[in-house]
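Quick setup: one chain, the form predicted alone, written in structure tokens, and binding and motion questions come after.
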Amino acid sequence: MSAVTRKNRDGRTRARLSSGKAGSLLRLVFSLAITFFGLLLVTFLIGRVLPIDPVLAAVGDRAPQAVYDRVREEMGLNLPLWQQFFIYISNILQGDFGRSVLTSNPVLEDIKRVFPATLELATIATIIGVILGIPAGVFAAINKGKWPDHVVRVIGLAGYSMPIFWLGLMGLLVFYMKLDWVAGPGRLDAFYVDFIEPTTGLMLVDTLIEGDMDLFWNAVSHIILPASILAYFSLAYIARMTRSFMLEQLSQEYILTARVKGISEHRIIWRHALGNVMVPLVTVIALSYANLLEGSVLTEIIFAWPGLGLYITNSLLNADMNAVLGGTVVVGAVFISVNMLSDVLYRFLDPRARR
């Protein structure tokens, strides 16, 4: 084969690879756009289906009819439904979620204020769940059918079965009231609230930036219990999936071949088997993280944690639909973004997905 022929063939191969990557990127962007459009459509319809009148929430039930009609027109609720939807999309794309009736602030400002608390709580819970859940799942898999396997499975089953609000209340009763090992509800003691100037909104990070270790350890004592409660549910899910993935890998022929070659059991399990397990496990961890970001409402209520879940709940109880829909859109967007990130990491970790 001549050098010119090889060069032409290599050029065609690179062109096909480049075309394939571009097509994959376009499909990803298109899928993301369709998903986000569906999210906006669902949240818009929820706002119109719920038996809550946003005009009454804004003006009160004693307002004159003229005032009611004027505010309804200002909100655009007198327009056809399709026109309301396109105005809604336009405002969302410009970052305009409306103004909260409860706080009188723009909803986006409120979300920027409360979301870091939820992000911090969910991140620490996920880290704890990953650190404990993956080894627990591996330990259960290599001891299949033995008592360590049964212990891990019972712990996982309990994590799925126990209501989180009950577990949170029991945690406060035992570790806060009885044993006094942790601090109570909130992110800081009331005495320290005015001592910290929010920089990132992440309390642990802000206290370290301030260089005040008393504030830092006070924040740790407040977050450790709610984070552990959420981490238990994350741990149960991650441990169960890790066990399942490991059992599948340990039954593969390459594991038998590695044992025949005399490779140590430790290396077979923790490098070869777990290395292949980490590819699908990335998606599991991402889903667990996204679920904690959107599903920590009850935990935030019990621990008076000023996060996005508590904000949406209070807004819903006060018929503040702008805040409810804005928070719902943000939660959905975060879920979509985390799943998209997991897809990217999947492609990075698994060379077969890059072909």
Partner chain sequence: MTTQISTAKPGLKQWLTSDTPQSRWQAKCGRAWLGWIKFSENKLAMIGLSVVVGLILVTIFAPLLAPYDPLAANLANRIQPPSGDHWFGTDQLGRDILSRLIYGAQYTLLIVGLVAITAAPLGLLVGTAAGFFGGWIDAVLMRITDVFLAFPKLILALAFVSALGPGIENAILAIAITAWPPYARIARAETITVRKEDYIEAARLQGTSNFALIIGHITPMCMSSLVVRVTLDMAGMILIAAGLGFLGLGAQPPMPEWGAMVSDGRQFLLEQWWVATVPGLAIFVVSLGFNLLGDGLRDVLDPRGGD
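Numbering follows the first chain given and starts at 1. Remember, it's a predicted structure, so these values are computed and weren't measured experimentally.
If you look for the form predicted together with the partner chain, you will not find it shown, but the lines that follow are about it.
- No member of the trio F85, I89 and G201 reaches the partner chain in the model of the complex with any non-hydrogen atom inside 4.5 Å.
- When the partner chain is considered in the model of the complex, only one residue from L81, L93, M213, A158 comes within 4.5 Å through any heavy atom, namely A158.
- Proximity to the partner chain in the model of the complex, defined as a heavy atom within 4.5 Å, singles out one entry of W270, F139, F165, F195, which is F165.
- Residues of just one listed stretch (114-122, 202-210, 232-240, 70-78) have heavy atoms within 4.5 Å of the partner chain in the model of the complex: 232-240.
- With a 4.5 Å cutoff on heavy atoms, L341 does not count as touching the partner chain in the model of the complex; it lies far away.
- The shortest heavy atom separation between I302 and the partner chain in the model of the complex is within 4.5 Å.
- When the partner chain is considered in the model of the complex, I312 lines it closely, a heavy atom lying within 4.5 Å.
- In the model of the complex, L316 approaches the partner chain with a heavy atom inside 4.5 Å.
- Interface residues of 284-303, taken as those with a heavy atom within 4.5 Å of the partner chain in the model of the complex (partner not displayed): E294, V297, L298, I301, I302, in sequence order.
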